[in-house]
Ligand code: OGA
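Just the one chain here, the form predicted on its own, laid out as C-alpha cells.
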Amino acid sequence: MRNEGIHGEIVDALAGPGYVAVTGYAGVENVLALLASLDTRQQAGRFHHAGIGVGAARALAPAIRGDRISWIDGPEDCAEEAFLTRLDGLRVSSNHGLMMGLEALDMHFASFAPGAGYVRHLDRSPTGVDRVVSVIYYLNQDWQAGDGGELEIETANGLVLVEPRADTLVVFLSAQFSHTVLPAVRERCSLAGWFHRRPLGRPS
C-alpha cells in the first residue's frame, strides 16, 4: 500500500524528535476532493467559530483563536471516508511500532480567514480526554512564500516553521509541543485532529 512507507517514517519520527512534516501524503486528487467537502459544508452553513475553554468558562476569543471549524462526526462522503481510513493506518502503525494504544480520532475541518491565527498553545483537551498524537493536513493549493500562515512548533532545538502547503501532513506528540498558527494573507484551510487513548469527550 502506498502509505505503508510514509506511516513507518512518521512512527520513526514520533519515536525520535516527536514531530514530523510529510509532503505528498495523500495526493492532489484527495486534496481537491476534500476541498469540495469543505466547500459543501461552508455552503450549508456548517462552520462555526471555534472557542476556548469548557463548560461555563467556554468562550469565543478571536484574538486568541480565530478559526472556524466543522467537526467530522463520521465520514459524510467518499473523500472524508478515504482520508479517515488512511489516517487509521497511521493509528495502527503507531500502535504496532510504539505501543501507543490509540483508540479514536477526533477531527474537524478548519478555516482561518486572512489575518486570523491561533496563539501559542498545547493541544490539551478542555474535557480532560487525553490527546496523544496531533495531526494537521493542509489543503491550500498554490501557497506562496510570503502568504504566511505557518505552523510554528516550539522544539528543544528552537522554532520549526511549516508552511501550510496542500498535501502536507504534520504529526506531533500533543503534550510535548506548544505551537502557534501565524496569520496569513489569504484563507488557510486544513483538517486537524487528535488521536486518543480513550473515548472522545469533545466540547460542543
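So that there is no doubt, residue numbering starts at 1 and follows the sequence shown. These numbers come from a predicted model, not from an experiment.
Just so it is clear, the following notes concern the form predicted in complex with this ligand, a form of the same protein that is not shown.
Asks: Report the stretch among 83 to 91, 96 to 104, 113 to 121, 70 to 78 that approaches this ligand in the predicted complex to within 4.5 Å, counting heavy atoms only.
Replies: Only one stretch qualifies here: 113 to 121.
Asks: Quick one: of 26, 38, 151, 166, which gets a non-hydrogen atom within 4.5 angstroms of this ligand in the predicted complex?
Replies: Exactly one listed residue reaches within 4.5 Å, namely 151.
Asks: Going by heavy atom distances of 4.5 angstroms or less, which of 184, 14, 192, 22 would be at the interface with this ligand in the predicted complex?
Replies: By the 4.5 Å heavy-atom cutoff, the listed residue in contact is 192.
Asks: Does any part of residue 136 reach within 4.5 Å of this ligand in the predicted complex? Heavy atoms only, please.
Replies: Looking in the predicted complex, residue contacts with this ligand include residue 136, since a heavy atom lies within 4.5 Å.
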